[in-house]
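Before any questions on binding or motion, here is one chain by itself as structure tokens, the form predicted on its own.
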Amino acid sequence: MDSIASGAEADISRGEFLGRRAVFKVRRPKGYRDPDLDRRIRSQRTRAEARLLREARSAGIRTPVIYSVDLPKAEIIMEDVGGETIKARLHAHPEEADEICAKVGSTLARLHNARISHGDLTTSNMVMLPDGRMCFIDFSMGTSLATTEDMGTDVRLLERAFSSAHPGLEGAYQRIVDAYRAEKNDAEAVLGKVQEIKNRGRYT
């Protein structure tokens, strides 16, 4: 298997599963935790992420298809969707920013309408597929039954991603907001929460 990433919580690699290209995500044990507690935490987080991926897909959001979940190993084996991250796409084709950002905004609105938050929404966790569809990946920090606060945090994280990872494209972020507002139920409540979150950071 080929390693893709090694984060604070999990190792991600690419290989084959039953003859199909697949991504393997394994949560590593934490030596500072009691072993039994560590196994429970990793198992619970693996189960929660798999559930969110399925719920988002049921709500019409393109996510990787899950092939296998091994709770004792804290492993998810899922579809390798291909494509390229939105971060890479925007760097290579800034002229497509308005079109891409409109897709991001409408996809996020549909996710939030299903009361699911992503929890770590950056342009590295969204993929543009070869067929032009948007795919959301890595729901390890997401929640179901998401509150307005959870949704506002998603939007705020995305705003910060544009200011830090995409200098010069900050204006395109408004296209996300416009598309989100057009499709999200009660969008103004979420966007108002975004401003509230920004104000908190300003005064702390």
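The first residue of the shown sequence is 1; numbering continues from there. For clarity, every value in this text was computed on a predicted model and none was experimentally measured.
As for the form predicted together with a small molecule, it is not shown, yet the points below apply to it.
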Self-check item: Segment assignment from 151 to 159, 29 to 37, 173 to 181, 135 to 143: heavy atom within 4.5 Å of the small molecule in the predicted bound form
Solution: 135 to 143
Quiz item: Heavy atom within 4.5 Å of the small molecule in the predicted bound form: which of A74, A109, A97, M78?
Solution: M78
Practice problem: Would you check, heavy atoms only and a 4.5 Å threshold, whether V194 touches the small molecule in the predicted bound form? | Solution: no
Quiz item: Hey, in the predicted bound form, is M1 touching the small molecule, heavy atoms inside 4.5 Å?
Solution: no
Quiz item: I12 near the small molecule in the predicted bound form, any heavy atom under 4.5 Å?
Solution: yes
Quiz item: Do S124 and the small molecule share at least one heavy atom pair within 4.5 Å in the predicted bound form?
Solution: yes
